[in-house]
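A lone chain, given as structure tokens: the form predicted alone.
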């Protein structure tokens, strides 16, 4: 059976040409541009493994440090810095491992390095040790008070603002500025020295607010707003509408 040219849709021939050109282009690209070892180990260039292995070693890994500094490593593993690699603070140690006398790792002594992690930043998790660099022992090196390999606080912080500076700054300009944190929070003694292991508790009922703001409350100051706890807010908790650290009244 002979197919007349006129019976073939006119779009087919241009599409066939484009398709053939595309296939030809891919074959040409594969031949000239795709590396010879591509695909030997999956969707990768096999020669890359040898090239990377030939590069000079910069980071030795903490295992190399343990061989000579096992006492420091043991102390660090029982501290808050146990998750940090030695080279996080001391820099690449590859050359030091090869020649300990010629190449010495860096020892940060200034304040700038520690502040990278411990300078106050509102985005960091609550309870993470943070300081206000201009106020916390200004001009003194951090290592003068803190052993970086076992950075236990030399003395417990005087108040909650040491770790919760953002909340403390907000509360300081609110109507709750004179309230101590343990007025509303149950703060175990160990929370000051081990905040991650001993957590401070948040209020779980409206009664804590009612002690000062209930219409028959005897606590708090005389000017504190008073409400009928039985009818005000219904089933909602007080902090669903009022932020406790800056408790502006809502309408």
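On a predicted model such as this, the values are computed, not experimentally measured, just so you know. Positions refer to the first chain, counted from 1. Basically, rigid core = biggest C-alpha set you can superpose within 1.5 Å across the two forms.
The same protein also exists as the form predicted in complex with a small molecule; that form is not shown, yet it is the one meant from here on.
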Q) Going by heavy atoms within 4.5 Å, which of 35-43, 198-206, 49-57, 22-30 lines up against the small molecule in the model of the complex? A) 198-206
Q) Would residue 185 count as touching the small molecule in the model of the complex under a 4.5 Å heavy atom rule? A) yes
Q | Contact of residue 227 with the small molecule in the model of the complex (heavy atom, 4.5 Å) | A | yes
Q. Can residue 241 be called a contact residue for the small molecule in the model of the complex at 4.5 Å between heavy atoms?
A. yes
Q) Should residue 215 be counted as a contact of the small molecule in the model of the complex, where contact means heavy atoms within 4.5 Å? A) no
Q. Does residue 113 count as moved between this form and the one not shown, where moved means a C-alpha shift of 2 angstroms or more after fitting the rigid core?
A. no
Q) Once you line up the core, how about residue 202: does its CA shift reach 2 Å between this form and the one not shown? A) no
Q.
Please determine whether the C-alpha atom of residue 84 is displaced by 2 Å or more between this form and the one not shown following superposition on the rigid core.
A. yes
